[in-house]
Each structure stands twice: as structure tokens, then as C-alpha cells.
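Only one chain is included here, represented as C-alpha cells and corresponding to the form predicted on its own.
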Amino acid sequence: MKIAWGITGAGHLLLESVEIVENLSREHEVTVLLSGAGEEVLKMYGLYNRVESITGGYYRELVLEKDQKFSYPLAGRFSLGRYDLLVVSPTTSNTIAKVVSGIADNLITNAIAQAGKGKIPTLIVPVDLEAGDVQTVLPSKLELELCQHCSTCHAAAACPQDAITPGVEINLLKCQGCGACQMACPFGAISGGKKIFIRMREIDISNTKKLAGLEDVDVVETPEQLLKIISSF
């Protein structure tokens, strides 16, 4: 199968989505589409290189939004029916709000719109699915209460991207999620993979429910469920 997989800027369900992409790429031709935020977040969580390593070759491309400018020429493949399936996982509430409003102003929303025109089935895994609190994982974080404000910050010195301002913060737009800072800090002031709970907003849940009314679009609860669904195509 020729599968297009879109990744948006959510940290929740990101690792699980990347693992499924890796699995599918062993048997199928998978093109990975990254929104601008999706590219940034993959790097923050140290997952960008994993996605890059499974792509390469025609219909196995890694497509970056910044390379597609404003006309998103690759989206033409969807209107022509060149793919068997489009998957978007994880899908942010912002992306879903645009989709249900008929807005197609970035690589992922454009792909979804063109897939509809090309009658290509689309599977969407939302990060905001049900009301209540959901547990998610943070990227690297400077824990100020543990920072000893050393005269020489070992974490900052170890960072290959110069992403750490000692005693202040980690610039996540520079961070590549390599974990070197965590290993270098003798006081454990750099955390990675910290779990927190966030509350789902009602407006986001409402927009997710509206997806069910879109033609050729199916909502899937978790990335893991995708394997069984895709095997039935």
C-alpha cells in the first residue's frame, strides 16, 4: 500500500505514532508529512532522526511543510488518488478545528482536503478525544528548584545545540532531544519525559465529534488501533 502519514505539533501520542510508522514502513510505502510544528516537536522529543531514517525514495519521502511553500504541490497526489490511505497521528486540536471548518492552510490540512477530493480514506487520531484530564509527556525541561546555578553549567556545556540558558530555561526550538544535558547535570536539574495531566477543553472535544460527519474521514482513538484497521484495507 501507498500510505501518507501526517504528523502535527502534539507531544501527546507522538512516540506511539512514530512506532506505528516504523512498523508500517517495513511492509508499505510510507510518505511522512510534517507540519512546521510537527517538525519542531519531533526534534524536541528526540524523534526526528527515527522518522528520517525510515524515509528515502519515491513514495517514501519525508516532506517538510517549509519545503512546500504556500501551494503545497505534493498535495496534488491526493486529489489524483495516488495514495491508498492518509493517516494523521497525532492530530492537534488546532488542526481538527481547521479541518471541520473547511480550512486548508498548511501541509496537513491541505492533504486532508485534497484526500477528500480524491476519495482517499483518511484516518485521524486526535489528541483531544474525550472530556476530562489526560496524561501526557513533556520534552526536556529545566527544573529550577533543583538547579544549583553552578559557575560552569555542565548541562549547557554538553548541549550540542547551545539550547540552554543556565539557570533560566531550555530553548525548545533549538533542542534536539538528545539527552546530553540530562546526563551532564550532576544535580538532576534537567528532566526528560516528565508526565503531567492536562484538561481537555470542551470546544476541542466538540470539534473532534464533528469529524465523524466528514466524508471519507474516520476517527481512531489510539495509534495502536491503526495497525488492525490498516490491515483490513
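Counting begins at 1, following the sequence as shown. Quick caveat, the model's predicted, so the values are computed rather than measured.
Omitted here: the form predicted together with a small molecule. The next part is about that form.
Taking non-hydrogen atoms only, Lys209 never approaches the small molecule to within 4.5 angstroms in the model of the complex.
A residue is said to contact a partner when one of its heavy atoms sits within 4.5 Å of a partner heavy atom; Ala10 meets this definition for the small molecule in the model of the complex. At a distance threshold of 4.5 angstroms between non-hydrogen atoms, Val41 is in contact with the small molecule in the model of the complex. Mapping the unseen interface onto this chain, Cys178 falls outside it, with no heavy atom inside 4.5 Å of the small molecule in the model of the complex. Not one of Ser79, Val100 and Val217 is positioned with any heavy atom within 4.5 Å of the small molecule in the model of the complex. Contact with the small molecule, judged by heavy atoms within 4.5 Å in the model of the complex, is confined among 42-50, 22-30, 162-170, 185-193 to 42-50.
Proximity to the small molecule in the model of the complex, taken as a non-hydrogen atom within 4.5 angstroms, holds for one residue of Val63, Ala37, Ile54, Ile205, which is Ala37. Site annotation in the model of the complex: the residue of Leu74, Val127, Ala155, Leu123 reaching within 4.5 Å of the small molecule with a heavy atom is Val127.
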